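Below you'll find only one chain, the form predicted alone, shown as structure tokens.
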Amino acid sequence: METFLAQIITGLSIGSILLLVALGLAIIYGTTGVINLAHGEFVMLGAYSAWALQTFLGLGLIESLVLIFLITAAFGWVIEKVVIRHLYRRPLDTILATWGIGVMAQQAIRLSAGGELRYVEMPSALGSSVSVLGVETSAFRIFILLFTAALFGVTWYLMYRTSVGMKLRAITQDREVASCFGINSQRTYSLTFAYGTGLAGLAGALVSPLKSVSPEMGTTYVVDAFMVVVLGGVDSLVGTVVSAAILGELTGFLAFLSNDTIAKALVLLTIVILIRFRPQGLFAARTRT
């Protein structure tokens, strides 16, 4: 029983990290239709921001989170204004453009910060272990789980209980009709893209004490994020949460029974089979026609 509980907690920890990375992508992909292949690079920029603030300004990870969100959101806002807004409804062009942005971001980091691995110190207050149902678990992983839950709550509130969220959902369903009612779609899309990239930056910052920080670190995360979003349904926040939990538990148990490489391959195979029979994902939002 103790081993079973340990694997459940491990799966929740993996799922919380997956959700943290995928949440920003779910908002951008589900509402604007942009396939943002540079999402992993925003995760990477968040991790490097945490490293730079800690190394050069002496700021700890926790107190840097708001600043990291603003930094990466600002990058996202500029990219949307300069590049992305001219490519809406041109999915192939957005794929090429965001891929190019990701490559340029990696090279810019190599030139400015170097290509060697960087490390972010874990907050001292969260460096110990805590007992959860009799299982010793990293306090930092529990913090990530709780922080992700709070972040999802804030995102859900913004999407479904604020005027900005209402405007965004109206634009998603019919941009022309929403414009007729005076909704500024360009401004709403800019704020959405900035918020999504800001969430990606937070994800990178929070995983940086657990993983080495490198220019290529975002590549793996963007693949995992797309798996979560596609499995859950591209326009469903709840689906994103459920799919992240499913993939986290599945990865944790398969890795326990075999190894990480086989677990990732089996998870990918499972997603391919599920999408074959349910291409809209597990939770497809229903809209009136």
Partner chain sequence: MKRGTAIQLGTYGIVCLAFLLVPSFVDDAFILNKYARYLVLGILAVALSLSWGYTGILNLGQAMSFGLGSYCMAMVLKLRTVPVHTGKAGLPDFMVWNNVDTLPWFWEPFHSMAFGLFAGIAVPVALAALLGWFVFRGRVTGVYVAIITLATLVVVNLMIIDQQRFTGGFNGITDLAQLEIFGLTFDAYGSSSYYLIAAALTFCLFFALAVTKSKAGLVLQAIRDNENRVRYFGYDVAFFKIFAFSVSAGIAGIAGMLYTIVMEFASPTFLGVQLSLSVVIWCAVGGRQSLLGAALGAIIVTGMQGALSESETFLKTWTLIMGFIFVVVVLFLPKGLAGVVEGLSNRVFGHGDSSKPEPNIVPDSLGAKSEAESLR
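Numbering follows the first chain given and starts at 1. Since this is a predicted model, take the numbers as computed values, not measurements.
Below, we refer to the form predicted together with its partner chain, which is not included among the displayed structures.
Within this chain, residue 31 lines the site of its partner chain in the predicted bound form, having a heavy atom no more than 4.5 Å away. Interface membership of residue 35, defined by any non-hydrogen atom within 4.5 Å of its partner chain in the predicted bound form, is confirmed. Contact check for residue 90: a non-hydrogen atom falls within 4.5 Å of its partner chain in the predicted bound form. When its partner chain is considered in the predicted bound form, residue 136 lies well away from it, no heavy atom lying within 4.5 Å. Of the candidates 262, 57, 66, 257, 262 is the one whose heavy atoms come within 4.5 Å of its partner chain in the predicted bound form; the others do not.
Residues 86, 97 and 230 are all found to lie within 4.5 Å of its partner chain in the predicted bound form, as judged by heavy atom distances.
Comparing 246-254, 57-65, 220-228, 44-52 against its partner chain in the predicted bound form, the single stretch with non-hydrogen atoms within 4.5 angstroms of it is 220-228. Counting a residue when any of its non-hydrogen atoms is within 4.5 Å of its partner chain in the predicted bound form, there are no hits in 123-153.
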